[in-house]
Ligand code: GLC
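The form predicted on its own is given below as one chain in structure tokens.
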Amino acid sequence: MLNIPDYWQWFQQARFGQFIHWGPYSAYGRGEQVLFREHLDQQEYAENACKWNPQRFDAHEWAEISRRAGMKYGVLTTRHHDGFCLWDSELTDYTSAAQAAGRDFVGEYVEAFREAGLRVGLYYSLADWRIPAYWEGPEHDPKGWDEFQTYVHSQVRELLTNYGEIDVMWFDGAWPHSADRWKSHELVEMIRSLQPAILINNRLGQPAGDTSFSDELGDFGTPEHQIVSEAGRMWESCQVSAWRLWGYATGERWRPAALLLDMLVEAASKGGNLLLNVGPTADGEHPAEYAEQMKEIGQWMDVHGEAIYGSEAGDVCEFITYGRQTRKGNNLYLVIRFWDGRGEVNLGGLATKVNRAVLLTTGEELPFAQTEDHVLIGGLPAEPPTKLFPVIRLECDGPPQARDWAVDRLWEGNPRRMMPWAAARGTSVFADGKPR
């Protein structure tokens, strides 16, 4: 168990969050990094950004989609690498408030998500692709870099001063500069002085020469496009709901609801969160495909959420044939990804006594038989009782524990643990195990 302050416990309980990449790049329909990837003309891009005026943006609708999906917090891109700000910054006129839209989108988002009972996170890119000093660095343009770095710190101060309590500060874009160049330690001190209970992610740059995400400055890890547990601290996997990009893209393909839910279950089964992204359209709406997927996942969460919220890493024993596991207290949850219609499920290696088995999907109690090495659960219907993943809750005598041989998976651990199992057959290569 991690030693987590009380004011961060909500993050461990949440398990599911909403990432939102949105800005004037959405009007291009080619993702959030189109300015750099296509080497667009900077002045022309800026002119288009200033004309951007989404008419259908409704922060309350966004919040309701997230809430219905079972998400517990959001993270909005207040400024991405293109430098355009979604709030009323006093430090620049390159903002949604000062230009055509005339609106503080950050303020509207914060208010709506709070009203929906969701925690509030703000994404902020250290990088600003418009600024020559960002590319030059302090060794080539010390004066320009100092001015730019001061601008970055001052904008973070604005965000954490003007909108009340913020739960998460999500940084990005430190490349190619080190934490020392960004004065990240000083930035963290300032953030803590303004928002003592805030969570800060691990992307404030690395010590010079280090190419990994910073462990020193971050409260939680952020594996991207992968679901990898990080020992010793909280973490969330950030993932796209589409096939390619974070920002809105026309012609995009969408990952099915089952795959998105599986990412959530996998993250929870490994003790982490899923921060699932959506890229709203240029006009401010969530794509219809995404909204429908979130409705489907939300309906599943309404029934099965106890297997996700506040769960612990649950890979107690081998279960890859059927699905994944999470734990909570004395309960072991079996999330069935593959329903074979046989009417029974076999779980090998559970040492803890099972008192009761329940098909959480329907509430029906299931018959089971437990031996030293196996739990055979019966009474299951031939057809899966839900379009997504049925869940079985095993109510145990204590916290679920594995038999010694089942602590490690196939091809892992000390191989000698399996010697008694093999020796029970005999020692020879012959069918009966007896030497000739």
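Start at 1 with the first residue shown and count on from there. All of these numbers come straight from a predicted model, not from anything done at the bench.
The same protein also exists as the form predicted in complex with the ligand; that form is not shown, yet it is the one meant from here on.
- For a residue to qualify, one of its non-hydrogen atoms must sit within 4.5 Å of the ligand in the predicted bound form; all three of 19, 170 and 238 qualify.
- The contact with the ligand in the predicted bound form, taken as any heavy atom within 4.5 Å, belongs to 123 out of 109, 123, 182, 84.
- Residue in contact with the ligand in the predicted bound form (any heavy atom within 4.5 Å), chosen from 327, 177, 203, 103: 203.
- Checking 363 to 371, 53 to 61, 27 to 35, 397 to 405 against the ligand in the predicted bound form, the stretch whose residues place heavy atoms within 4.5 Å of it is 27 to 35.
- In the predicted bound form, at least one heavy atom of residue 246 sits within 4.5 Å of the ligand.
- Using a 4.5 Å cutoff between non-hydrogen atoms, residue 312 does not count as a contact of the ligand in the predicted bound form.
- When the ligand is considered in the predicted bound form, residue 88 lies well away from it, no heavy atom lying within 4.5 Å.
- Within this chain, residue 224 lines the site of the ligand in the predicted bound form, having a heavy atom no more than 4.5 Å away.
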